[in-house]
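Two forms of the same protein chain are encoded below as C-alpha cells; each is given separately, as structure 1 and structure 2.
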Structure 1
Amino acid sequence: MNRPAGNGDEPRKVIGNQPKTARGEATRKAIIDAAERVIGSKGYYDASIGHITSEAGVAQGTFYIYFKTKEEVFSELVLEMGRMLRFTLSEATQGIEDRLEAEKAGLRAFLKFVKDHPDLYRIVQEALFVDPEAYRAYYRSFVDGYRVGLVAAQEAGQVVEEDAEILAWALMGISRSLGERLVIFGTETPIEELVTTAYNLIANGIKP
C-alpha cells in the first residue's frame, strides 16, 4: 500500500489512454471513425463493441486499450462533432461584415453540414440519453455563439431589443428544425430555398 508521496488518488483524470506512438494514434483514430459510422447508422445501443472493432479492423480487446468504456468513445464523438460544426460555421462566416449576411451564410453552412453528415446529427440527439452533460454542452456552446452575435448586433442598433438569450434559442430552433427535416424526414427541398425562407422570417422577425 506504499506509494510515492505527492500523488493524488486519481491518475490525473485522463480520458481513456492516450496513445504514445504514431501506430497507436492511428489505431485509436480508426476506432473512433468506425464508431462514428456504426453508432451513426445503428444507434448507440445497437452498436456493439464487436461491430465497431470489426469495422475498424482490430480485435475486440484493442478497444479497451484506448477507451475505458463504450460510453467514452461516444462522448468523445459528441465533443468532436461539436468542434467540427463550430469550425465549419466560423469558417463560413469569416470575414463577412454585414451581420445579417453572416446570419444567412451561417444558416446555409449549417444546413449543408447537416446534410453532409446525417449520422452526426443523430449521434448528438442520442447524447441526450447516453451522455446528457455532453448534449447540454453541445447546445449551450451553439446558443452562446448565437447570443454573442445578437448582442453585438443589438449594440449596433441592428437588432430588436429583446432578450438575446431567448432570441438565440428561438433562432437556433429554426435552424435545427429545418436541419432535422432534411436529415430525418428526408425531404428534397433545395437548401437555398430553405435559407431564403428562413432568412426572410428571421430578418423581419429581429429587425428593430
Structure 2
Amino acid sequence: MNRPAGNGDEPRKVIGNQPKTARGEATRKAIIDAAERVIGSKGYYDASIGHITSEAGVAQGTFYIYFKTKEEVFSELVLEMGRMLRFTLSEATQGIEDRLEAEKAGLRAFLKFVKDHPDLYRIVQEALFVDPEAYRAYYRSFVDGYRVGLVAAQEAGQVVEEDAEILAWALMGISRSLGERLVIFGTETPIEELVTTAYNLIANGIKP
C-alpha cells in the first residue's frame, strides 16, 4: 500500500451526518477516534455505542446526531482509516520521481502509520464480515491508485512491463505482511531494517 493516486484531496464519501460547524466536526472526529480505540481493543461485536461515547467523552444522544448505528460509525471508521493512510503515503512520496525510491519511502511511511495505529488490521479484517462493501472499497481504493502510479512508471521505463494491477496487489501484499509482523507479531526488528530488506526484494527480486 505504498503510493496512492493524487495528493490526498480525493472525493470524500461520508457515512452518517456531516457536521456544519468546526465544533461539530471535532465531535464527530472524537467519536470516530474513540471507535478506533474501542473496536480495536474489544472487537466490533463486543464494543457498544456506550463504550464508544464513554471513550469519546460525549453523551450517547450526541452519537445519534452523527451516526444512526454502531455499524454506520464502523463503516465510516474503515473508510476514514483508508483516507488517512492514503494521505500519509501521498505526503511521504510527493515529489519523488523515481518509482523505486517512491516504493521505499511509501513502505517506510506505511510501517510507521501502522505502528501508530496498531488496531488497523483488526478493524479492517472485521470489516470483511461486518461490512464487506467497506472492506472491498478500502483495498480497491489502494489498488486503483497504485495501478495508475505503476502504469506511469512503466511508461517512463522505471519498472517492468507486467500487468500493473497484479503488481499492485503483490506490492501491497509485501507491505501488509510486514505491517502484521510489526504490530501483530511484535517483531523487534527496526522499521528501517524491514524497509531495506523489502526494498532489495522489490528492486532486485530473489535471484542470488
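The term rigid core refers to the most C-alpha atoms you can superpose between the two forms while keeping them within 1.5 Å. Numbering for residues begins at 1 and runs along the sequence of structure 1. What you see is a predicted model, and the numbers here were worked out from it, not measured in a lab.
Asks: Look at both copies of the chain and name the one that is the form predicted together with the DNA.
Replies: The form predicted together with the DNA is shown as structure 1.
Asks: Just checking, between structures 1 and 2 and with the core aligned, does residue 32 shift 2 Å or more at the CA?
Replies: Shift at residue 32: 2 Å or more after core fit.
Asks: Taking the rigid core as the frame, how far in Å does the Cα of residue 55 move between structures 1 and 2?
Replies: So the C-alpha of residue 55 has moved 2.3 Å between structures 1 and 2.
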